[in-house]
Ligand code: 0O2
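Only one chain is given next, in structure tokens, and it is the form predicted alone.
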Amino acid sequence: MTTADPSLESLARIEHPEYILEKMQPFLELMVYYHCAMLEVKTKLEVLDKGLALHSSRNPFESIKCRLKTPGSIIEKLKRKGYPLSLSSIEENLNDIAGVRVICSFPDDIYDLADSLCAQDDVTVLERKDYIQNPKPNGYRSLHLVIQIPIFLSDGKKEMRVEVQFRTIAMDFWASLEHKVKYKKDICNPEQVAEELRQCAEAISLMDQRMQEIRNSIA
């Protein structure tokens, strides 16, 4: 059985763990590694975007966003999943510490860009979940990848995990509004709201498909 890191164990019992975590050099170093891996993936995608644009006269994605999980969120997820509160547990059990979200114009661009990223010889695909072809029950659509890439340090290289999400503009618009509605308190008719959101997701998917067909017809 893995022994919990005493410093992280104590943090779970205090109100503001972020302040203490800032004092912890090993944790800070790990977050720097994740940050470097996140930037590496972002650079790879930007290079692919320019390369694919040369052949198709269009840019596959509209925007790209990066984020690191907060210390509080990391501790909360470790506790919720029943994982040990240690730095090694973070690396072994959590795949979404570093996240990159890529917003594309058309569904085909998502798959072209994702396939090109996965084909690179220093990228290892650990997990692929296609919620576009197989939407979640609430209507959520996105392509999720968990990849592992090397970052190069002064004393060698280290393999790091990064979660990459690919969405169309319409999918991202729906996900953003659904998130706001889902966490709104005191909803009188949650089942009806959930069904209306699911129907909106279906309509948005049909619009994505139609826009793809129009683009293909004039390409």
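The shown structure was predicted, so the numbers you read here are calculated from the model rather than taken from an experiment. Quick note: we count residues from 1 along the sequence shown, nothing fancier.
Not pictured, yet referred to below: the form predicted together with the named molecule.
Contact annotation for N138: at least one heavy atom lies within 4.5 Å of the named molecule in the model of the complex. Within 4.5 Å of some heavy atom of the named molecule in the model of the complex lies at least one heavy atom of A175.
At a distance threshold of 4.5 angstroms between non-hydrogen atoms, K157 is out of contact with the named molecule in the model of the complex. Contact between K129 and the named molecule in the model of the complex is found at the 4.5 Å heavy atom cutoff. Contact annotation for the candidate site: D96, E163 and K182 all lie close to the named molecule in the model of the complex (heavy atom within 4.5 Å). Segments offered: 103 to 111, 84 to 92, 118 to 126, 139 to 147. Contacting the named molecule in the model of the complex at heavy atom distances within 4.5 Å is 139 to 147.
Residues R67, K69, K77, K81 of 67 to 86 are found to place at least one heavy atom within 4.5 Å of the named molecule in the model of the complex.
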